[in-house]
Each structure stands twice: as C-alpha cells, then as structure tokens.
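Quick heads-up: it's one chain on its own, the form predicted on its own, in structure tokens.
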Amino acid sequence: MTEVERTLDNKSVRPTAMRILIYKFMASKNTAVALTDIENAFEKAERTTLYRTLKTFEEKGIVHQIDDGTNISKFALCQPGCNCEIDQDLHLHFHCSHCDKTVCLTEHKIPHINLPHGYIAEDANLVIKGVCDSCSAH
C-alpha cells in the first residue's frame, strides 16, 4: 500500500485510481486548486466524478474549501493531524492579486475568538489579500 493509499484509507476513503490521481495532483501543487484546475489536468474524466471526489475528500477531512473572494471555490489538502475543527485547526489563507493564486499559511493559526452567548460558529475563513512572495520579487 502506497503512502497516498494509506492516507485515504486512514480517512475511510476507498483509494480508487481517480482518487489517488487527484490526491497526487493536489499534493504536487503549492497553491489551492479550483475544480477547473482539476478538470484541465484530467480532461478525459467526467466532471461529476471529479466534483464528487472533491466533496468526498472535503467530507472526510482530506481537503478544505477556501473562499478567497474570487467567487470560485478552491480546495487545498489538509495538513497531517488536521481535523478542520473550528476551535483548533483554522489557519490563514493568502490570495495574490497579481497571479490570482491562493495559498494556505498553515503555520499562522487564527486565534480562538470568544463569541457572545448564544452565538455558534459553524465556519471561519480569514483571507489576506495582497502580493505574494513570487510576484513581489519581480
């Protein structure tokens, strides 16, 4: 069993050929990817298969969805040990206004926010927008 197969299996996801390919594709990227990025990489695959794979990955905590303000959902692999729990696994995201890439800044955690009594947080997303290190070096 390969490392990817083990990762999927540990999250109770059957490691099919397409799921393994999509996982490897996402792991090869240093940025979050949109469904269209995956579609372009796997042109012969059915769009619904790709979408269902992403949704399964999201439900099982393999990827997390990022709303970076572009109106295009992007997905990134979760770090080992991440459970995408709102109290402990939230991190910053950075969206570059020049190259349009979004990256996870997993080493920069969002501090816990105490909400008023009766408020229940279901999701939190903090996106910093600006110019990434690659674009600012030019």
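Numbers for residues come from their place in the sequence shown, where the first is 1. Small disclaimer: the values here were computed from a predicted structure and weren't measured. Note that the rigid core is defined as the largest set of C-alphas that superpose within 1.5 Å between two forms.
The same protein has a further form, the form predicted together with another copy of the chain, not shown here; the description that follows concerns it.
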Item to check | Selected contact from Ala45, Leu105, Cys99, Leu35, since only one has a non-hydrogen atom within 4.5 angstroms of another copy of the chain in the predicted complex | outcome: Leu105
Item to check | Non-hydrogen atom contact Glu58 with another copy of the chain in the predicted complex at 4.5 angstroms | outcome: no
Checklist entry - Though only this chain appears here, would Cys132 touch another copy of the chain in the predicted complex if you measure heavy atom gaps against 4.5 Å? => result yes
Checklist entry - Taking heavy atoms and a 4.5 Å cut-off, does Ala41 contact another copy of the chain in the predicted complex? => result no
Next on the checklist: Against another copy of the chain in the predicted complex, would Asn10 count as a contact residue? Criterion: heavy atoms within 4.5 Å.
Outcome noted: no
Checklist entry - Of 118 to 138, which residues get within 4.5 Å of another copy of the chain in the predicted complex if you count heavy atoms? => result Gly118, Tyr119, Ile120, Ala121, Glu122, Asp123, Ala124, Asn125, Leu126, Val127, Ile128, Lys129, Gly130, Val131, Cys132, Asp133, Ser136
Next on the checklist: Relative to the superposed rigid core, does Leu126 relocate between the shown form and the other one - that is, does its Cα move 2 Å or more?
Outcome noted: no
